[in-house]
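Next up: a single chain in structure tokens, the form predicted on its own.
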């Protein structure tokens, strides 16, 4: 039987990995019993806080194990709305919120709401690895607009404006994975201007909103004229160490949120109630936990930058998130070749910049997700390795 074109082309039709070959090789090495320092993906090395797990267990044992409401439980939707209103100053109510199975499902729901089959969505290069598949899964076409390393990976208005003609939606991410850039007010005002001029939906992935090392996070939904055209994606995966809970949300205009109910009914049929109760507990009682997680990554970011100072690796201190992007072009190698050589010779696994698009070529991304001293030791080895390559070039 013939499979659909949509399912066969989610990954763009390219070879397996598309820049992820280093990660797959590292996993194979680990499975074979070889020691590898994994600095690849954004999976925390700490565990979910006990009070969140206790809330989940109490809810499940108390009987909240039946079918869930497609839009989410009222209490959790209220908690999300209160959080967003407090952080952004934009009036937000339960009707502006749908609960989803993680941020990834929130991205997909947003794309389905914004695009008709054949419509074009703009994504910023470098991009989080699943973004192109999310667009294609919703029946859309991907068009990239590059954010240059020389501009601190800020999205420049002129480049966006030139790419926006005929598009239907724009997907942005701030704080940004993989680069750690936090979009400035000037950048976001330029984005808003282009969205209004070209009548674009703006899908704003803000899952790292609580992890800002420098500056401030500004939600574009708070800018004039943007609330009616912005869909904000949120999650507890990064802020509260709940990656496996698959708990996320979309905040947007009530009509869009209500329309997403049908998508939830036809796909996930809602998020389990006991997970929603755990999430509400995390939001209402987890401020200290969230602050501690944010402080952890700020500390590791600072230690990582210090460990690489004066080396053959150029690093611009990330403003947010839990990664550091390293410019390794001085070695004479591309990101994928460097990362594979680093893995084979030093047993350190990092993600090639090419995994995230063309604009990050010649870079590698390091996830700050192992214990501090081990991370610093690995980065110093990486720096020595890069220096040896530069001297040999």
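From a predicted model like this one, the values you see are computed outputs, not experimental measurements. Positions refer to the first chain, counted from 1.
A second form of this protein, the form predicted in complex with a small molecule, is not displayed here; the remarks below concern that form.
J.: Note which of 237, 311, 144, 219 lies within 4.5 Å of the small molecule in the predicted bound form, where distance is taken over heavy atoms; exactly one does.
T.: Filtering the options by heavy-atom distance leaves 237.
J.: Counting any non-hydrogen atom inside 4.5 Å, which residue from 107, 124, 98, 279 sits next to the small molecule in the predicted bound form?
T.: For this set of options, the contacting one is 107.
J.: Determine which one of 253 to 261, 169 to 177, 114 to 122, 152 to 160 lies within 4.5 Å of the small molecule in the predicted bound form, judging by heavy atom distances; exactly one does.
T.: Answer to the contact question: 169 to 177.
J.: Is residue 323 one of the residues lying within 4.5 Å of the small molecule in the predicted bound form, judged by heavy atom distances?
T.: Yes - in the predicted bound form, heavy atoms of residue 323 and the small molecule come within 4.5 Å of each other.
J.: Residue 103 near the small molecule in the predicted bound form, any heavy atom under 4.5 Å?
T.: Yes - in the predicted bound form, heavy atoms of residue 103 and the small molecule come within 4.5 Å of each other.
J.: Hey, in the predicted bound form, is residue 300 touching the small molecule, heavy atoms inside 4.5 Å?
T.: No, residue 300 stays farther than 4.5 Å from the small molecule in the predicted bound form.
J.: Could you tell me if residue 207 has a non-hydrogen atom within 4.5 Å of the small molecule in the predicted bound form?
T.: Residue-level check for residue 207: yes, a contact with the small molecule.
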